[in-house]
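What follows is one chain in C-alpha cells, specifically the form predicted on its own.
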C-alpha cells in the first residue's frame, strides 16, 4: 500500500513519490568561460590576414599569443547552411549545423528555436548554477536573439536557460517599475501598459522568458542609479555590450557568459567605414574584458576566453553595399577562433581547417560537462 500525503488540491491524497525532490546538483568548480561572438560578420581580410593592416590589433597582437589560435576555422559549405548572425550564434551554442527557419517564415526575422541544447542548458543541468550566473549579453538591434538562450529539447529547455542583459531588457524593467510605482495617472498608466505589452509581445518563445530573477532586478536598479532612465547617458551599440559585460563580471560573477557583439553589421547602411569601425569597437571591448578578468579575483587565473565570429562576409567588389554575407560565398564561411586562459597552451597556431561547430564541444570539455547532442569534435589542441 502506497504511503500518501495531503496535496493542496482540495485535500486530495496523492502518493509521496509524486512529490520527490529534484536531485541536488554539485557545485561548479571549473573555470569561468566568456564567449565573445566577434559578431556582425567579420572577414579574415580585415582582421587576421595582414598583421600590419588589421583593424583589431589588440586581438591579433596581444591576445592571440596568449592561447591557441585557429586561423582557418570555417562554417559548413553546405548550401543549406546560411552564413548569418542568428544561425552562426546557434551553431556556436549548440555545436550542430541546422537549417533554421523563422517561426512564421518571415524573411530576415531570425526568430529561431534550437532543436538541441545550448551550452547554457548543458551547464545548468549538470551543476548548481543560478540563472543570473549564466548570461547572454545581447545587442539592441537584434532582439530576436534574446530568446536563443534555451532550446526546445524535451530534456532541457527553459528551466536551464541563461538570463539576458540588454537594452531591451532594461526597457522592460523600467516600464514595469513605472507601472508599479503608483505615481501614474490613469492615462499615463494605460500608455505605459501598452508600451510594455508591445515589448513583451516580442517574446516569440512565450514561456515567461522576460521574468527576471531578484539578482537581475537588483542589477538593473544599480544600472539605473548610475545611468538613469533616459538612454542618453549609457553607451550604445557594442560599447554598451562591453559595459554590461564588465558590470556583470563585477556584480553577478557569471560562470558562463556570451557577448553578442554586432556593430560591424552596420555596413548594411552602405559605408565600408561602418564595418571597419565596428571591428575597432569590438577590439577595444575585448581589451577591456581581458583587463577586467585580470583585475577581478573571481576571474583572475580562472577564466577561459573563446573568441569566434558568427560568420564571415562576402568578397564581391561589385555590390552596391560592400561586405555582404547573405550570398553564402567562400569568404562568408571563412572565419577564425581563439581560445586562451586557464589551462590552455600559449602561443600555439593550428594551421589546419577546423569547424565552427567544434566550439561547443571544446567549451564542454573545458568546463567538464557532457555535450551529447553536439556534432563537432572538440579542438584537441586546446587541452594541454
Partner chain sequence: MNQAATVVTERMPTVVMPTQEKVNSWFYITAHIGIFIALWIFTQGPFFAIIVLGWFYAWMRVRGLKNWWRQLKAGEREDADIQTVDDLLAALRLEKLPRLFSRSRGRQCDPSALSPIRRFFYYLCMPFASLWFNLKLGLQAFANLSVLLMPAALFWTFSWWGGWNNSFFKGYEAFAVGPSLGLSGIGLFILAMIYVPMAQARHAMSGEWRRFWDIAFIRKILAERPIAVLLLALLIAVMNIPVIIMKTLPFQFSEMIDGYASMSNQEVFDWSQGYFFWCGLYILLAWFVIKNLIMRIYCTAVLRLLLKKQISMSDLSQVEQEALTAMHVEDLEKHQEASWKKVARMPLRAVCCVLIIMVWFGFAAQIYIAQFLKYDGDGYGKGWVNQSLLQVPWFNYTPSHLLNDDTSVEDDFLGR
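The structure displayed is predicted, hence computed values, not measured ones. Here the rigid core means the biggest group of C-alpha atoms that line up within 1.5 Å when the two forms are laid on top of each other. Residue numbers count along the first chain shown, from 1.
FYI, the form predicted together with its partner chain isn't displayed, but the following is about it.
No residue of the trio 98, 156 and 308 has any heavy atom within 4.5 Å of its partner chain in the predicted complex. Among heavy atoms of residue 295, none comes within 4.5 Å of its partner chain in the predicted complex. Although the partner is absent here, residue 266 lies within 4.5 Å of its partner chain in the predicted complex, judged by heavy atoms. In the predicted complex, its partner chain sits beyond 4.5 Å of every heavy atom of residue 290. Its partner chain is not shown here, and in the predicted complex it never comes within 4.5 Å of any heavy atom of residue 349.
None of 354-362, 325-333, 66-74, 28-36 except one has non-hydrogen atoms within 4.5 angstroms of its partner chain in the predicted complex; the exception is 325-333. Comment: its partner chain is not present in this chain, but in the predicted complex one of 140, 82, 113, 243 has a heavy atom within 4.5 Å of it, namely 140. Proximity to its partner chain in the predicted complex, defined as a heavy atom within 4.5 Å, holds among 229, 103, 191, 271 only for 271. For the partner-free chain shown, just 53 of 26-64 comes within 4.5 angstroms of its partner chain in the predicted complex, judged by any non-hydrogen atom. In the core-superposed comparison between the shown form and the other one, the C-alpha atom of residue 29 has shifted by less than 2 angstroms.
Cα of residue 325 to Cα of residue 82: at least 3 Å longer in the predicted complex than in the shown structure. Cα of residue 356 to Cα of residue 325: at least 3 Å longer in the predicted complex than in the shown structure.
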